[in-house]
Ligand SMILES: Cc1cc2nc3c(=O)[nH]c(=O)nc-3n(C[C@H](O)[C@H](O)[C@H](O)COP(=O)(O)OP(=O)(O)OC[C@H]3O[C@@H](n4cnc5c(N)ncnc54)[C@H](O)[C@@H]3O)c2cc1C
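Take a look at this single chain in structure tokens; it is the form predicted on its own.
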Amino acid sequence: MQNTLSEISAHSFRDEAECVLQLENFIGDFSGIYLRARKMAEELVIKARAEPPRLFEALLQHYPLASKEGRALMVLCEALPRIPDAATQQELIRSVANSATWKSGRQGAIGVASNVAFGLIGRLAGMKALNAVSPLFHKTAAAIIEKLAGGFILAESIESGIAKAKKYEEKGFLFSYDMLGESARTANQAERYSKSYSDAIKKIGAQHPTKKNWREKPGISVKLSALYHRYELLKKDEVVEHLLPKLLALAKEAAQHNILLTVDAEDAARFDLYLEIFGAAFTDSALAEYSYDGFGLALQAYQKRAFPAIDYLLALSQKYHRTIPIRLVKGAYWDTEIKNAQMAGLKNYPVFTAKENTDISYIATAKKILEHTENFYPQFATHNALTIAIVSELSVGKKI
């Protein structure tokens, strides 16, 4: 049992083979679950492939994420919607279009059309004629990227997001609203993000006034790096002093509106501080007065500390008699974590270096969460059909 933050921190750079052995021992005999899950996963994939692909799915099939073109498209999808002026948008499109050959991928109408569009922009990038013809191509490229980004971004504002979500909510889906682009660089930005979160909580909470249980309502995710511009481990005391009151204020607002608030995960270097701030907010008497158990957090399974962190969270839940919602993800910034560790000259990494080890960590952590559903409200995020099926098998017989 790792009930203290220092015990969890000790796992940051633990030998990967030792971590995996511990996880495998916890999982135990897995053969029966795996066989059933594999069959279910195959059925899920067949069903998904039978659906006609949307534009962004077709483009991703044509340009795999392992290719330069696929990565270029992801850069555009992530950055373009957040650039306010047309000139900078055009410069980004020009730069990205010229960074790949636009010849890879599978054949087909969408592939040929996108090869021509982005390839032509790339070839024109260094020509004087670009100034005359580029607006047309940039407009075309921007339209393609807007459609592509629509597969990942619901809307550009909380109001339009709520409006677009209604048709999905009618089918039984719920949303946890994230705000893209968080990470305050100045105190003014941090204040603006705090206000945006507060406004979003009020608007989300107003949508379902008759529903009393936050489990039946949409929620919101909050990044600590958006609430304070110096969210750094070396400034721990300063961070806690300034950031904790902001997080508590948002958590109390979420409690008043009875919606789920998830503290979103970020980079591994700040994980210890992340857990400490969450624990301080969770145990604060001001929040406890609301009898609110919708204040939770996200855990990244590619971090070596995800599995031992469950013991710390379990102890918090048991001591204060409140459920903790946990959103388990695999993690999206593996390349950055590896690069940061290498730049620091570290011998080991805070994340697993092999995908299969991250999968083992995810399964073990999911199993541990599901063994304590009286303390945790489990939420599982993944794009992998086999992982979905395994979690489904692990959930059989569990009261959630």
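Sequential numbering from 1, following the sequence displayed. Fair warning: this is a prediction, and the values are worked out from it, not measured in the lab.
Quick note: we don't show the form predicted in complex with this ligand, though the next part is all about it.
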Among 316-324, 159-167, 300-308, 198-206, the stretch whose residues bring a heavy atom within 4.5 Å of this ligand in the model of the complex is 300-308
### Query
Is the gap between Ser9 and this ligand in the model of the complex 4.5 Å or less for some heavy atom pair?
no
Could you confirm whether Thr353 comes within 4.5 Å of this ligand in the model of the complex, counting heavy atoms only?
yes
Contact flag, Trp334 vs this ligand in the model of the complex, heavy atom cut 4.5 Å:
yes
message = Considering non-hydrogen atoms and a 4.5 Å limit, does this ligand approach Asp272 in the model of the complex?
response = no
Assert contact residue (this ligand, in the model of the complex, non-hydrogen atom within 4.5 Å, options Asp264, Asp293, Glu276, Asp284) equals Asp264
From Thr358, Asn375, Ser67, Asn340: within 4.5 Å of this ligand in the model of the complex by heavy atoms is Thr358
